[in-house]
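Below, in structure tokens: the form predicted alone, a single chain.
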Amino acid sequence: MPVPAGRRSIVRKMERRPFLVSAATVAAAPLVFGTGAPDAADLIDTNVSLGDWPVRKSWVKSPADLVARLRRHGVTAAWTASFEGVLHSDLAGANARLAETCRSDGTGLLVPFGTVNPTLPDWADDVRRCHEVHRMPGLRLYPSYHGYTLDDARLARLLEAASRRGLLVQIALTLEDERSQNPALTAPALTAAPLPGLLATVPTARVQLLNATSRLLAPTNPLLTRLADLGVGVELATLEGVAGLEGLLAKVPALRIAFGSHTPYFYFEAALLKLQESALTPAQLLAVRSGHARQLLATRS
């Protein structure tokens, strides 16, 4: 099968640049998801999904295939949700299947993040199951597909429930570029503008934004600076521009930006290039690779 043009470009770039950390060294690192000091070999991917996106065939043939690819590139933990959670109405079933797959096929690498929809009448029980039954460390939300925005009072109640249980809440601002969306499956990009006001009402909530794109991840965006000051996390899967990570941290040094690949919708290697093409200090690199992810999982006092 021919390699897609975009992937050939990625592979050529990777051949010209040595990896920052040996994949073999990283793969041997212990899996620790607590608040201890991060190891330089750790690479935590905070944005991974299982399954096929409905209108796009995945390059991942099985969970074992996904795990093998991630381990080969040095990932030591992958925060994993299920594409089923985006469109399925039975989220309890989707979350149970996710938890079982991560347990049986994840080999300690896949860390399940359940999906909750606060517009459904049983959302609170979904939160309870994710925490008490499946022992998940966090939740992943898809407001654009579930029909609410960040100023919805129901979201505030969900954040309160998650905060009481010490759960991290990931909010996907997008899943795919609007220009490539199937007309029958369109969802507008979500604005993060209401988030500071929301967090003022739930100050103990821990939030990470996924797939923020250049709408938010612009070094001169005052909203991004405000969110950084509030401790909101982001990840780099949709960060654009050569040395984009370096430029972003130069302007917003307090930003908790973690590694994220949006695998398998994106090729994992594209995220690695974002690390390689920026000149980061050792402290910055450690924070992006694993430190910020660990901070996001740490319970706020």
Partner chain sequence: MNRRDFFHASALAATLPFAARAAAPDASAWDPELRGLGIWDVHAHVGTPGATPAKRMEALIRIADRVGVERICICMSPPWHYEPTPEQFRQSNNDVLAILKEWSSRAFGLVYLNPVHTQASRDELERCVADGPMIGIKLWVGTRCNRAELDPIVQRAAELKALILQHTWIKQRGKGNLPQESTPMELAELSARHPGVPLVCGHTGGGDWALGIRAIRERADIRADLGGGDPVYGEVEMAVRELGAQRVLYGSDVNGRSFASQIGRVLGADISVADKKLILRENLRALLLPALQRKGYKA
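Quantities reported herein were computed from a predicted structural model and do not represent experimental measurements. Numbering follows the first chain given and starts at 1.
As for the form predicted in complex with the partner chain, it is not shown, yet the points below apply to it.
The three residues F266, E269 and L273 all sit with a heavy atom within 4.5 Å of the partner chain in the predicted complex. Screening 195 to 203, 143 to 151, 172 to 180, 89 to 97 for residues having heavy atoms within 4.5 Å of the partner chain in the predicted complex returns a single hit, 172 to 180.
When the partner chain is considered in the predicted complex, A243 lines it closely, a heavy atom lying within 4.5 Å. Though the partner is left out of this view, R72 does reach within 4.5 Å of the partner chain in the predicted complex, counting heavy atoms only.
With a 4.5 Å cutoff on heavy atoms, A283 does not count as touching the partner chain in the predicted complex; it lies far away. Of the residues in 277 to 296, those that come within 4.5 Å of the partner chain in the predicted complex through at least one heavy atom are, in sequence order, E277, S278, A279.
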